[in-house]
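Given next, in structure tokens, is a single chain: the form predicted alone.
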């Protein structure tokens, strides 16, 4: 058994358990785009990054992906520190710009409090999460698609760009893809961000550097706001905004 600490909670898990699995066992939500419980951990999207230190680390920490990080003795993990949330918001800005029509990405962006777009949106494109490739190989036992090219030219492709005889046209690759879905922006979309489901800030009496509440939706106002508001919001202002919506 491995003994570690997640958000100040002492935990003992079987060896081979990932930090992502250990955190979810405690009911702590960690966002992912490239992870599926039935597939090999990949660590491509980086949304599951956590701040990791150790008892003998002299206070130094690292940012590591929780899905590929095995639980080990002495690990001290912060899943929603200010540093972690800042990194996740930056990643989500890039994902929204890469694939603005993805419902999954738009929902995550809304949950993490994105209110403006700083990056120019592109046409919907692959986010290189590798879910379709792993699904085809590991669950469908076909291996009809894979990655081709390197760097900016890396893409999901069929061998020699020809339909493989191994492909059964099952559609599993499209089923699991977070990009192969459309998002309604309303009758008159004002920005790349979804303007129909933008959440308000949570009504917290105090603010902390680390997220202190993991209720989803927010228990205080019953709307799924970001995990931590950087700017205190008055209860009356949020109620008024909710009524206008």
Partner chain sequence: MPKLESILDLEQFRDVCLKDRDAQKPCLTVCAGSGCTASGAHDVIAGLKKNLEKLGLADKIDVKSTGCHGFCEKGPVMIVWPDGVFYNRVTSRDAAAIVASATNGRKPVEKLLYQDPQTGERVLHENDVPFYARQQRVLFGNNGRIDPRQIEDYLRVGGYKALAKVLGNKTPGEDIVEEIKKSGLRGRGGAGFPTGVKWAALRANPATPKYIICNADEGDPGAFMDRSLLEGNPHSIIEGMIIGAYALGATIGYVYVRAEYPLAVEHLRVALRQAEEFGLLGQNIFGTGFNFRIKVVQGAGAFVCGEETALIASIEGRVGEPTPRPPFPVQRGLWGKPTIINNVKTWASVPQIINRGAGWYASIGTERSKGTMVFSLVGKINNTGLVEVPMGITLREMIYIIGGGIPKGKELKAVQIGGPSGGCIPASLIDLPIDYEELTKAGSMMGSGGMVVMDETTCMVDVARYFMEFLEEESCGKCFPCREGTQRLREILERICAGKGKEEDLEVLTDLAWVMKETSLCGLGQTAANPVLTTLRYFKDEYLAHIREHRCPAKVCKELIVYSIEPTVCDGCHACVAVCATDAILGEKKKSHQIDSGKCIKCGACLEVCQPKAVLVS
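Nothing here was measured: the structure is a model prediction, and the numbers come from that model. Numbering follows the first chain given and starts at 1.
Although it is not shown, the form predicted together with the partner chain is what the next lines describe.
Looking at residue 73, you'd find every heavy atom of it more than 4.5 angstroms from the partner chain in the model of the complex. Among residues of the shown chain, residue 68 is one whose heavy atoms approach the partner chain to within 4.5 Å in the model of the complex. In the model of the complex, the partner chain lies within 4.5 Å of some heavy atom of residue 98. At a distance threshold of 4.5 angstroms between non-hydrogen atoms, residue 55 is out of contact with the partner chain in the model of the complex.
Not one of 39, 142 and 158 places a heavy atom within 4.5 Å of the partner chain in the model of the complex. Figure note: of the listed segments 106 to 114, 158 to 166, 120 to 128, 171 to 179, the one touching the partner chain in the model of the complex, with heavy atoms no more than 4.5 Å away, is 120 to 128. With contact defined as any non-hydrogen atom lying within 4.5 angstroms of the partner chain in the model of the complex, the contacting residues in 84 to 115 are 86, 87, 90, 91, 94, 95, 97, 98, given in sequence order.
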